[in-house]
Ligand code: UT7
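Before any questions on binding or motion, here is one chain by itself as structure tokens, the form predicted on its own.
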């Protein structure tokens, strides 16, 4: 392993994958009491991608990872750290990261593990990878967020099933000798005092699977949307400002804001409070819905491949999710 401590950790490659199947708001109106107008007006979502039958979280992670590794100009054998963030792994154990390692053909003497921080998972994963790489022991890290949200939705509950979609996004982080580049700063946090606000009650040790939990629909995602909205707006603004202050820059210096794609009203409110104009905010929720931790890396891949960021640009990533968890990352490209 490399032992020299790097000057910085840069994003060397990005990748994404979304399933082929598109489910529109009109499609959903045929199975629940809703409409395109109702869904779009409250969330900004028009359509979402849903995984094919038999398509797993690791299958989606594999495709996003291959794209990220290729764009970094590397091969799977160059990867020496794998972190997968997800709330719907292939199985409780082994980790989806180990399953992905085998599917990619990555060598078997490197650490591979899952990280679960709900919608904040990607920024958590970036911080963990960056901290591990700062030791000099790891040269190229794969951080991939993959979510099959459709596997935990109650398709009779119009308040939740219309909001989420499936997909995967990945980055390859690389140790670099560049100064003042790559990951400039991260801030993370959590508050576990109100876990019922956004959760899946059954399936763990507190409420193991049983006939009753299945019958009562306790293996489905449950959410208090109004409370989530209020907390998300406040905390995302606070954490964005905190990481900017940590790095000694202002919101005016940010070339692009990539927030977690949960709701356009949340995104617009946060951007307004940060005084970041709409043309500097990337929003793609209309096409994908909320893909949990995958939403930021999917968006990041789109802006990189679409030429929306240039060398030296500051890109601000900010997320909020169940836990409650939150985080913000500032990157210089």
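Treat the numbers as computed from the prediction; the structure is a model and nothing was measured. Numbering follows the first chain given and starts at 1.
A second form of this protein, the form predicted together with the ligand, is not displayed here; the remarks below concern that form.
If you check the ligand in the model of the complex, you find no heavy atom from any of 239, 255 and 257 within 4.5 Å. In the model of the complex, none of the heavy atoms of residue 151 sits within 4.5 Å of a heavy atom of the ligand. In the model of the complex, at least one heavy atom of residue 34 sits within 4.5 Å of a heavy atom of the ligand.
Residue contact check for residue 229: one or more of its heavy atoms lie within 4.5 Å of the ligand in the model of the complex. The ligand in the model of the complex is not approached by residue 171, whose heavy atoms all lie more than 4.5 angstroms from it. Of the listed positions (126, 100, 141, 162), a single one reaches within 4.5 angstroms of the ligand by any non-hydrogen atom in the model of the complex, namely 162. Only one of the listed residues (262, 117, 133, 82) places a non-hydrogen atom within 4.5 angstroms of the ligand in the model of the complex, and that residue is 262. Only one of 272-280, 35-43, 300-308, 63-71 places residue heavy atoms within 4.5 angstroms of the ligand in the model of the complex, namely 35-43. Using a 4.5 Å cut-off on any heavy atom, the residues of 200-225 that reach the ligand in the model of the complex are, in sequence order, 223, 225.
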